[in-house]
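The form predicted on its own is given below as one chain in structure tokens.
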Amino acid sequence: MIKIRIRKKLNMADGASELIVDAELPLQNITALYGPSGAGKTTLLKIIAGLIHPEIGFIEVNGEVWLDTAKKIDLPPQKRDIGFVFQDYALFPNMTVNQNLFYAAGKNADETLINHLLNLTGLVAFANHKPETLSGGQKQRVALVRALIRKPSLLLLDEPLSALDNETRIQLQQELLQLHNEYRFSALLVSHDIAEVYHLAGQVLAIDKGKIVKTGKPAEVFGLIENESIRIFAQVVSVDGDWMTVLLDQRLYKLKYINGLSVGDRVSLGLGDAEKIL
């Protein structure tokens, strides 16, 4: 179990406010933090990582207390068992992919694990390349592998896919799910994309103006109910003549092409469309 109780003063565009979080999250689950810009999502990640200090706070991950302001416990970032994937990759430009990874792994680097993760993410051929020679998607894969090589108790993902094109983004969503299925890590994902949240997360904390306004599964938080009018979100991954392939709930489906849609577009489907799925 991950227990988080936080009070932190915030300066927002419309004046002073306070980040107030009181939540218990399951282990081995991807939980999304969803809400508008400036709601406090990234601040919460940085508090969990130990990069920002709240006025009042308690954080416990899998039985280990990282923060307890009442008892004056505040572990530094290097002693919190986390992996952090930033939006801007934060790779060392003077190091190759391998050097970045072995540096992050430290003295007890597991070369077998590193090679396995490189293989899973399609980076083996780029192991001796420096970041400047990589595409945005490849850099983000390196950042993700780097965050996982120590098998952290908690992976923090701050909009890691938002700067990528739609096709690369869909690919990386699939790879992230594959990595999660294999390593069963716990993760907090900041995202503004409902389709991405629906696809990746088992639970959502909706945050607005520093407060949790709703929690639950994506279908509950976004107002989807299990009846014939339910709307589910899918992404177009290819178009071939009169047909298009969409990605829905980790699976690919073929549907009749809808005029105006192209690869990367997000579509809303109802259960009434189910008979069209082959």
Partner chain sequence: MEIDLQPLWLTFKLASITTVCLLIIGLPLAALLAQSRSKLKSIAEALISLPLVLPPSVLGFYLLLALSPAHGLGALLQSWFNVRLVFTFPGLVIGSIIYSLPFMVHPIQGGLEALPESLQQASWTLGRSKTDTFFKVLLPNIRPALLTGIVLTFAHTLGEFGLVLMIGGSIPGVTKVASIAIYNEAEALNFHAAHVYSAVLLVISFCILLLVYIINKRLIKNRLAL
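Keep in mind the model is a prediction, meaning the values are calculated, not measured. Numbering follows the first chain given and starts at 1.
This protein has a second form, the form predicted in complex with the partner chain, left out of what is shown; the following refers to that one.
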Q) At the 4.5 Å heavy atom threshold, is F84 in contact with the partner chain in the predicted complex? A) yes
How about L51 - does it come within 4.5 Å of the partner chain in the predicted complex, if we only consider non-hydrogen atoms?
yes
(Q) Would you classify K211 as touching the partner chain in the predicted complex, given a 4.5 Å non-hydrogen atom cut-off? (A) no
_Test of understanding: in the predicted complex, would D88 fall inside 4.5 Å of the partner chain by heavy atoms?_
yes
Within 4.5 Å of the partner chain in the predicted complex by heavy atoms, the stretch out of 111-119, 201-209, 125-133, 179-187 is 125-133
Practice task
Answer yes or no: in the predicted complex, does the partner chain come within 4.5 Å of a heavy atom in every one of N94, Y103 and R150?
Solution key: yes
Taking the partner chain in the predicted complex and a 4.5 Å non-hydrogen atom cutoff, the residues of 51-81 making contact are L51, P77, Q78
